[in-house]
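Only one chain is included here, represented as structure tokens and corresponding to the form predicted on its own.
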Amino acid sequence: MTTSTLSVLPLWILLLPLFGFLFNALAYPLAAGGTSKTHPGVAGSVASLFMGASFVLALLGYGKILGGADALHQPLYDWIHFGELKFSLALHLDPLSSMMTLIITGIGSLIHIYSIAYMSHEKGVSRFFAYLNLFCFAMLFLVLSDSLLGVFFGWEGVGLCSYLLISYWYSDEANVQAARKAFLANRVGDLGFVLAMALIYTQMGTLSFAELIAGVSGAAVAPWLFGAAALLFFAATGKSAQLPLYVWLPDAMAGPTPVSALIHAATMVTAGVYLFVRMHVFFELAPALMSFVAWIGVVTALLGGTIALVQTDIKKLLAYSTVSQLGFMFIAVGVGAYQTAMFHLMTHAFFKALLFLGAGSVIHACDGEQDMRKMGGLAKALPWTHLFMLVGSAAIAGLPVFSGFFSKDEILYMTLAQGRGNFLLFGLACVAAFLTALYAIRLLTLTFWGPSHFKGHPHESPLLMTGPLFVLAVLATFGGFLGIPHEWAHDAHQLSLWLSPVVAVTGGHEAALSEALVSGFAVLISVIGLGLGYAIFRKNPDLKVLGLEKLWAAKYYLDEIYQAVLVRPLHALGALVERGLEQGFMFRLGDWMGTGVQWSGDRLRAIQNGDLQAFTLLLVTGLVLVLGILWTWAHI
């Protein structure tokens, strides 16, 4: 942590989306006579205005830090102060949190504007914009908080908002089931967060990032440190969709497309990566765990990439692509390339938001159709959307100039340059990069270039949708120039310089291959993948690879395994508890108590016969019994 300057700027960055939520959740519906009577133009414009204002303040905060100011700090209040138990909440805007606030508010503003047109046909859309604003508030609270406790509040807040937004169309049972699955999968991971906080506090007496990092810097590895780091990693697998808790993310595509772009591409799913980077000094004390994190990342990247190859739903393909790209970020944090992880987090936010919103434009043009096999030939009808999707696909595939070329290739290089990396990890990551190019070209071929199967009359989206796509396309094209490799130009990696006060480079050594050679090899992999994919998919949308496509289409049967091993046994246990404990005991407890009272009353009534001597005997006996209990209690 850097030294701090008191400022109210972080508080206003945080509060403005909350004001938007209050307007669309309370003020506007009351003024309009009900949520169903709210107009999408009004609700969306106000929500976008508050998000845009928050983005302007985030830019102002970035400028203050860039100008040489210390990190901006805003104490909120002392929440608990009881003896030695102290919990305070405060906001802290430093280079790392400034980067995250710019991503959240900037891309959030574009998605809000896009949503005005995308949701224009919906009734009661103020509820949707209220949820979007509330989500952004919770996400900002997560990245601006100066302690694990504050992060946890934001962590839970985005989980709740995710549930609300995924189930926005709650009349559809599939949406409700997807929202419930996302909520429960995240709660499983969040248990690790709670246990980690309890363990850390009992050992260090604080949850403040500054105090935690200062307290463990230079410390020897201790078992409790490994345990706390492992619990936080487990929490991150839920929020950032890593094996084994990634299964909620693809189903979350049931929500409106802007939700997929905001929550499941640019912000919420990166919370686990942010947590790793924020506490990287802490995690470095558990090197064995971090090696495991890198391997979980590469397995997740391969798993997501192979499943994406056989998806027919355009949003599901992008969802598994997100799982795969998050795997790349975990490879980076696992080997200790924390700045590289943040670099890919940023570029991924640009090109994946572009791809999701572009998919929304395609779905809008095709009257709600999401099956790519029923599209094809849309390039002429949707020229702007086609261009933007080309840019997004080039970026995710890692073609030169585009943002993904710089960040993904840097991850590949770091698997060799960092101490915990090795050639096997590098090789598997290259396979995952090859899969990325394959599913990117499959999306383009089936949607825009292949034979036309759509029976309707597709039309280009309005300016409110294509405008944000243009901005994201520019970012996806040129955003990577913030991370020009050091090997190419000294001190040209601007993002590395920006993050260096908070996130130092750790564990590097001389790599066996130069970064230029790795980049060239990565580009060759992408070009081969794109060319091979086009040759395969232009005539046949289905990929056949030694029968593996059936395994991939079944998503490795992980959902079925979880159902058999976890869900059904828990349901059976719940049913047993309901029959045995609730129906067999709790429901009858009242009857038993009534019967017992009636029985004892009948027996006691028999001794109330008016005999004064018997009454006195009972009184003295009761008094002796009470005195005996008190005496015994006093001498225990």
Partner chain sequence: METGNVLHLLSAYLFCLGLLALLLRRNTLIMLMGIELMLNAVNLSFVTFSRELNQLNGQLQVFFVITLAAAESAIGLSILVNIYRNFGSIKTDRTTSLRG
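Just so we're on the same page, rigid core means the largest C-alpha set that superposes within 1.5 Å between forms. Residue numbers count along the first chain shown, from 1. Note that the coordinates shown come from a computational prediction; the quantities given were computed from them, not determined experimentally.
The discussion below concerns the form predicted in complex with its partner chain, not included here.
Does G610 reach its partner chain in the model of the complex, with heavy atoms at most 4.5 Å apart? Taking the distances in the model of the complex, the answer for G610 is yes, it comes within 4.5 Å of its partner chain.
Counting only heavy atoms, which residues in 410 to 433 are within 4.5 Å of its partner chain in the model of the complex? Nothing in the stretch sits within 4.5 Å of the partner.
Threshold 2 Å Cα movement between this form and the one not shown at F615, rigid core reference: Yes; F615 is a residue whose C-alpha shifts (by 2 Å or more) between this form and the one not shown when the cores are overlaid.
Quick one: once the rigid core is lined up, does G34 have its C-alpha move by 2 Å or more between this form and the one not shown? Result for G34: no, shift under 2 Å.
Align on the rigid core first; then say whether the Cα of G601 has moved by at least 2 Å between this form and the one not shown. Yes, G601 moves 2 Å or more.
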